[in-house]
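Next up: just one chain, as structure tokens, the form predicted on its own.
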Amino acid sequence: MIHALDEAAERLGLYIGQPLANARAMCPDLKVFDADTVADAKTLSDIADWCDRFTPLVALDPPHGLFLDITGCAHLFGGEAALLQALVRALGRQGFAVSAAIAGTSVCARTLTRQATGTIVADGEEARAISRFPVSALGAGEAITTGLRRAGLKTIGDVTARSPSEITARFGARFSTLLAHALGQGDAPINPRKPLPDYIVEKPFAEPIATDTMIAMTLSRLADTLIASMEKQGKGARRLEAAFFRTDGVVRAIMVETGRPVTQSKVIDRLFRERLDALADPLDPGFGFDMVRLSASRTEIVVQEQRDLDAHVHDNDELAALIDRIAARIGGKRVVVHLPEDTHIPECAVLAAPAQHHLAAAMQAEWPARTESEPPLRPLRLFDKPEPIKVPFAAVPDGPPHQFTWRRALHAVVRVEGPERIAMEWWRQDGKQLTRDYFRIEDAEGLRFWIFRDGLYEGEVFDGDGEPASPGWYVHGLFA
């Protein structure tokens, strides 16, 4: 089946959906390539990234279209006509065949691209601009388009001449809404690919830049401008993104996050320098960047603190800055703090959370106090997953083992503390987890282990025939 074709193929009478054998019969010299919808979607997404230079509100209109909300942006490019011309020419230089139009509603603009590319329609003129177009330009689907033609409604003007109630009764409310939007009698909002950043600053270049020095200088100047804009409203940046637009259409975006609102441009410089130096895929300028953009996608109101006399504030600031620098280099998810959880299940008693977002909570967290002159109740090292051990025999019903084998090494038990019985949380599980008896033991070599028996001897563990079976033993951690 033909998935897509060019103008030359259309002039030969070929159409999308036509069997390939029929097309070859009409044109034996037809050039055919395998359709790759995944690659097409990726290319459309890349084009959308490039279109961010014109407006931050870019939405996909699959399989081949894009919506750009240019409200308040056209004057930055010399008007709507100049913006449209610049966009079409730039994409044309990259090898794309482009149909573009500007209208007051997204549906009207899409209809114009199918019949009158390059058209700019003023507000209120939508109905007049599209009335002569065939009904297929609305993109309502093959069934509705065929039904309209059979009813003698061949153009959009023919459809609008009928009463809305008649059209709705015959073709449904969805088509009536689509028609109203095309006529400028309402509009559905587009769904931008990315949320609108709180602040955006950018620097276009008449001559592309490619050196690290120029890139760093540009980011530094943009950081100064961004900080000045946020400072007027008493805000600081928590998430920053630098976008580099290459002359060949490739866009590279780099993001950094901070634990506290950033109000100094030198901090932004340092974070992006750390991030750029740590990139596994270095920033490739190609033939140069013709625009660099710095945006703050997440900001917060800055709370002023007394910093002259309070040493803790300075310490917290330095710690937060250190975490930001490490996170910029290796990733925010790899720098964690541990928070206590209200549970007695050992593997769930601690939550590892990103340090940038939970530093304050970690500093205020209250951990169980350890009794002085008493050995610790929990091991220094707790395994992520308990490891099974072989226990030849143990005292029944709740006694410790006399020896066990772990990692092919035999350990003879000389000292034991326990058992400490921990029942599973019945309100959070389906009853498959068993009661545990934990023991703190020491072997003949002086090594201390935290082991447990998973299940009671009677009433919890059964074999395949339903008969009582011996529970399993596991080592869960190691003491210092």
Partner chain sequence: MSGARTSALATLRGQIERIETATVVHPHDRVALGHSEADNALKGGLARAAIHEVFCAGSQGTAATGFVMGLAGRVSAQRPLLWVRQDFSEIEAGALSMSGLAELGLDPRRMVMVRAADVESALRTSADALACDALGAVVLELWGETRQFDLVASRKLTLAAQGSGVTGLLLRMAAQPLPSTAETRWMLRAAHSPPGSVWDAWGAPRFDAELLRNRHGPCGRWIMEWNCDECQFSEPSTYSQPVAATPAHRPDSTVLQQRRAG
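Positions refer to the first chain, counted from 1. Since the model is a prediction, treat every value here as computed from it, not as a measurement.
Omitted from view is the form predicted in complex with the partner chain, to which the following refers.
Quick one: which of 132 to 140, 162 to 170, 368 to 376, 117 to 125 gets within 4.5 Å of the partner chain in the model of the complex, going by heavy atoms?
Comparing against the partner chain in the model of the complex, the contact stretch is 368 to 376.
Using a 4.5 Å cut on heavy atoms, which of His64, Lys42, Arg421, Arg415 is close to the partner chain in the model of the complex?
Exactly one listed residue reaches within 4.5 Å, namely Arg415.
Could you work out which of Met255, Val350, Ala97, Ala86 is the residue within 4.5 angstroms of the partner chain in the model of the complex, going by heavy atoms?
After the contact test, the surviving option is Val350.
Taking the partner chain in the model of the complex, would Ala81, Lys266 and Met291 all count as contacting it (heavy atom within 4.5 Å)?
The answer is no; none of Ala81, Lys266 and Met291 reaches the partner chain.
Would you classify Gly446 as touching the partner chain in the model of the complex, given a 4.5 Å non-hydrogen atom cut-off?
So Gly446 counts as contacting the partner chain.
Given that the partner chain is not shown alongside this chain, does Glu274 nevertheless sit within 4.5 Å of it in the model of the complex, heavy atom to heavy atom?
Flag for Glu274 set to yes.
Is Arg381 a contact residue for the partner chain in the model of the complex, using a 4.5 Å heavy atom cut-off?
Because a heavy atom of Arg381 falls inside 4.5 Å of the partner chain in the model of the complex, the answer is yes.
In the model of the complex, is there a heavy atom of the partner chain that lies within 4.5 Å of any heavy atom of Cys73, even though the partner is absent here?
No, Cys73 sits far enough from the partner chain in the model of the complex that none of its heavy atoms falls within 4.5 Å.
Using the arrangement in the model of the complex, list in sequence order the residues of 330 to 346 with any heavy atom within 4.5 angstroms of the partner chain.
Heavy-atom contacts to the partner chain in the model of the complex: Ile330, Lys333, Arg334, Val335, Val336, Val337, His338.
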